[in-house]
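What follows is a single chain, given as C-alpha cells, in the form predicted on its own.
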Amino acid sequence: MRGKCAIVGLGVTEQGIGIGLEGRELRARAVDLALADAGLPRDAIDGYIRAHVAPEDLRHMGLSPNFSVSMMTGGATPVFAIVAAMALIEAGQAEVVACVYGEAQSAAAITGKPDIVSYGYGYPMLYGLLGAAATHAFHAQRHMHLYGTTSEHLGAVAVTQRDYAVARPGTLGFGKPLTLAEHQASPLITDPLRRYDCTRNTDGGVAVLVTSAGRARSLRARPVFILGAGTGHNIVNWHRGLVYENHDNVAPAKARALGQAGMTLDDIDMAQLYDPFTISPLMQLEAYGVVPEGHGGPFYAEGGARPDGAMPTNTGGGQLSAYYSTGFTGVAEAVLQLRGQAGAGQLHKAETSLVSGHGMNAGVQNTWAHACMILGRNP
C-alpha cells in the first residue's frame, strides 16, 4: 500500500461560527478550492465520498462521478473516507476521488434548535447521559484516578494547542492567547472538563482529492503520499470491562498503519490527533506509545507536544483552537505541514505525520471507532 495513492488537492473554506453559509455551499466551495489547488477540471472527479449520513445532491456542484457515497463513523470518517478512496482507485472504479465535509454546525445553536438525538451515545441516553462532553469526562475521570492526572495537565493541552493557533490566521484562536490560569478559571462543563477543555462546533468545509501516485506526480500541487492506514474499535474494550481506561482501541490501528508504511514511531515527525476534548490527544499519545501510560499529562506540561518537543502535536491548534471539521482538521494540517505551507506555524522537520480520527459508537457510550493514517512528503 505504501505510496500507491496521494492527496493532490486540498480545499479549506472559511471556518468560523455563524458565517452565514449552508452546508452544501460550504462543500461546493471546498471542492472548488481543492480542484484549483490540484489544477484539475471539474469532470476529473469521478468518485465522491461525503463525510455525513445524508446523501449528496451533486447537481449544485456540477459533478457527475461514477459513484457518490455517504459515510459516517463520527470523527473517524475522514480517514475512513480516504482509505475507501484508495481502495476504489485500486479496484479501478475511479481515478480521482473527492472526500468532502462541509456543515453549518453552529446553526442549530444559533437558532435554538439543537438535534438532541445526535447527542445520545447508546442506551444510557435513556437515563439522562447526553453529549460527547459527558461521555469523554468518563475517560478523564478514570485517567485521573489511575495516574494522578490533574486539571492543570488537561489545561496544558489546551494552552499548547492555543499557542499553535495564535499564529495561524483563519483559526478561532488566532491572536487570542490562552493562559493556564484562564483555563482553570473557566466554567466547569462536566467534571472534570472545563470550557477550554472542549471544542466548539464551527461552520466550514474541507475537501481532499485522492488519486494514484503516478497521476499525482503530474499535477500542480505537491502530492502528499498515503503511506499506511489502520483501524480499531473500542467495543472490544467494552467487552473486556476496560472501556474507560482506553480512549480508543489504538493497538491494531497503529500496528497496521506503521506496518504498511514500514516505519516505527521514531520515523514520525508530528501527530495530528482527533481532539474533541483535552483528554483525547493526551490519551492517544499514550496509546500510540509516544509516552508511557499515565505520562501524557506531564508530557504536555513539560512541552513535549510543542514545536521543539519530542512529538509536536496538533500544530495548527487542532479542533480545540483552530476549527472543528469532524476529523478533517488534522488531515488538512498534515497536508499543509508536509507541503511546507503552514506559514508561521511551519515545523523545521515535517517529512511524515500521524493523523487520527475518533468517533461514533457501537451502541453504547465510549465504544468509539478509531482510524489513523501515516502521511509522508515522499512515497
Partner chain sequence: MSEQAQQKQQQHRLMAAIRQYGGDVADIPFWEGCEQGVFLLHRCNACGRHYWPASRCVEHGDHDMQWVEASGRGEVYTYTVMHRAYTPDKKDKVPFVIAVVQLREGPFYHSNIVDSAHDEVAIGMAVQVVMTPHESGLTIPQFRPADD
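Rigid core: the largest C-alpha set superposing within 1.5 Å between the two forms. In this text, all values refer to a predicted model and were calculated from it rather than measured experimentally. Residue numbers count along the first chain shown, from 1.
The discussion below concerns the form predicted together with its partner chain, not included here.
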**Prompt:** Of 137, 94, 268, 159, which one comes within 4.5 Å of its partner chain in the model of the complex, counting heavy atoms only?
**Reply:** 137
**Message:** Exactly one residue in 302, 245, 163, 182 has a non-hydrogen atom within 4.5 Å of its partner chain in the model of the complex; which is it?
**Reply:** 245
**Non-hydrogen atom contact residue 213 with its partner chain in the model of the complex at 4.5 angstroms** = no
**Asked** Is residue 190 one of the residues lying within 4.5 Å of its partner chain in the model of the complex, judged by heavy atom distances?
**Response** yes
**4.5 Å heavy atom contact, residue 14 and its partner chain in the model of the complex** = no
**Request:** Would you please decide whether residue 71 lies within 4.5 angstroms of its partner chain in the model of the complex, comparing each non-hydrogen atom pair?
**Result:** no
**Asked** 25, 42 and 241: each with a heavy atom within 4.5 Å of its partner chain in the model of the complex?
**Response** yes
**Message:** Given a 4.5 Å cut-off on heavy atoms, tell me which of 124-132, 166-174, 201-209, 224-232 is the interface stretch with its partner chain in the model of the complex.
**Reply:** 124-132
**Partner contacts in the model of the complex for 143-175 (non-hydrogen atom within 4.5 angstroms of its partner chain)** = 145
**Prompt:** Taking the rigid core as reference, does residue 356 move its C-alpha 2 Å or further between the shown form and the other one?
**Reply:** no
**Item:** Did residue 331 shift 2 Å or more between the shown form and the other one, C-alpha, core superposed
**Value:** no
**Prompt:** With both forms fit on the core, is the shift of the CA atom of residue 45 between the shown form and the other one 2 Å or larger?
**Reply:** yes
**Complete:** Under comparison with the form shown, the C-alpha atoms of residue 322 and residue 24 in the model of the complex shift by 3 angstroms or more, placing them farther
**Prompt:** Relative to what is shown, are the Cα atoms of residue 369 and residue 22 closer or farther apart in the model of the complex, where the gap shifts by 3 Å or more?
**Reply:** closer
